[in-house]
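Below you'll find only one chain, the form predicted alone, shown as structure tokens.
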């Protein structure tokens, strides 16, 4: 079949398997071109199929020679469709890692599920042994707790006064005026249950109980803070409250791991990037597209793979990390440069529906989103048919 892009608002309804393979290979090629780095050698990645989780996995495997085990909630090809980009990312990553002589395994399922956790632990005990690093990079909208029958759903709302502003609609390639309401206390609790640190805590405790964390094991969780410009939407929004909980969990886990295995736990504060999760945050899209334009102009723009390589190559992740006063690994240093933020603050209020493509890097923003799903990549013949029988035979 011939596969074409299908967008519904900011949701991709299709992906291109060959494009996904090429996008993954580009990340691998980037890491190999930078040179070898010292990393942990046995790593579990929770949320491994896209964004920061996938980029960290690539950097660890192809930069540091790590054996990796990934957990992600994806869908393969079926009569209902071609499947998700993350499914193909998992399949092609495993192929590339094994071709390089590395061990790579995947479990497809809900990382919050006790059954999935039990399977992963059994697999690690059988094939990997003790883990040197656990990366927590989950971005989801729902968390079910079978033991209690509870179900929690996250929302993207403010915790103060409602916020209004423009948001990019990728399907329409236009700005839409959006109003972000104030969350209820229940919605704040639900979002924290899903996007906070509780799931991270449960995984670390389960791995400790199974004696699967090696001496000195380190765990990292990806997070974001952002500048004052986006604070009403992000830092002081429901997702910001959840991230505060994640950071507090890091401190608790650090103490727990120190006592148990001499290990450590840190949040990694990344820069704003186009990911499958970030495009859903209301109002943030205009800031991100503007940020991309300004950072490309001054030569400091990074994608997920550049961020993750820098995390292990220069920030000491997995070794002796370079931390701020709050015990955080900071990858947002280029984004938060005062001169850059001052320039963004001047331009941002002037952006409207007529000039946003000229004042921001809308084309780059759209490209990055399409590339997440295997589209808009040079060298891929999108007019050629994809053999879906061959795709169905792939194994993650």
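Positions refer to the first chain, counted from 1. Model, not experiment: these values are computed from the prediction.
In what follows, reference is made to the form predicted together with a small molecule, a form of this protein that is not presented.
With a 4.5 Å cutoff on heavy atoms, residue 198 does not count as touching the small molecule in the predicted bound form; it lies far away. Contact annotation: residue 189 falls outside 4.5 Å of the small molecule in the predicted bound form, judged by heavy atom distances. At a distance threshold of 4.5 angstroms between non-hydrogen atoms, residue 138 is in contact with the small molecule in the predicted bound form.
In the predicted bound form, none of the heavy atoms of residue 132 sits within 4.5 Å of a heavy atom of the small molecule. Shown alone, this chain has one stretch from 361 to 369, 50 to 58, 26 to 34, 348 to 356 that lies within 4.5 Å of the small molecule in the predicted bound form by heavy atoms: 50 to 58. Shown without its partner, this chain lists 97, 124, 105, 277 as candidates; in the predicted bound form, only 277 has a non-hydrogen atom within 4.5 angstroms of the small molecule. 112 is the sole member of 112, 93, 287, 266 with a non-hydrogen atom lying within 4.5 angstroms of the small molecule in the predicted bound form.
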